[in-house]
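Heads up, the chain below is alone and in the form predicted alone; it's given as structure tokens.
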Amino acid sequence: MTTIKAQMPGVFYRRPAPEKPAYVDDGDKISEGQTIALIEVMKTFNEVKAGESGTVAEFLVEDGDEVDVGQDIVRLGEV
């Protein structure tokens, strides 16, 4: 199983703002370097970028969940 991991601790968000759509959804194809989510740390929003291309199989955390460094947040399938 290939996953994308949190690079820092904070609050995980799937969208850039509450009224905006999610960056990506389950089943979407993503490219290496593509922004897929945000992690908020002390009122600073940091982009979570895909480390490789693939298809989003599932998000392993919910919008608004607290995450830790190295925690798996997205499971990827084949491109």
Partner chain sequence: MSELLVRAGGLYTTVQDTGRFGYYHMGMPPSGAMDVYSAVVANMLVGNPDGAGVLEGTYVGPTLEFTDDRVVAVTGADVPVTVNDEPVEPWTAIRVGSGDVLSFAMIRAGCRAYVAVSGGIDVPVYLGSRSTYTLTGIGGHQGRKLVDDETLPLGSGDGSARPGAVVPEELRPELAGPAELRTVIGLCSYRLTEDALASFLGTDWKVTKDADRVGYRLRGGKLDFTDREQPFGAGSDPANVVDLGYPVGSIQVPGGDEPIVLLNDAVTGGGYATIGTVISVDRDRIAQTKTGDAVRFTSVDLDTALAARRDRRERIERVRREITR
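Residue numbers count along the first chain shown, from 1. As the structure is a computational prediction, the values presented were derived from the model and not from experiment.
What comes next is about the form predicted together with the partner chain, which is not displayed.
Shown alone here, Val11 lies within 4.5 Å of the partner chain in the model of the complex, counting heavy atoms only. Residue contact check for Asp28: none of its heavy atoms lie within 4.5 Å of the partner chain in the model of the complex. In the model of the complex, at least one heavy atom of Glu66 sits within 4.5 Å of the partner chain. In the model of the complex, Ile73 stays away from the partner chain, with no heavy atom inside 4.5 Å. Along 35-52, residues Glu40, Val41, Met42, Lys43, Asn46 each place a heavy atom within 4.5 Å of the partner chain in the model of the complex.
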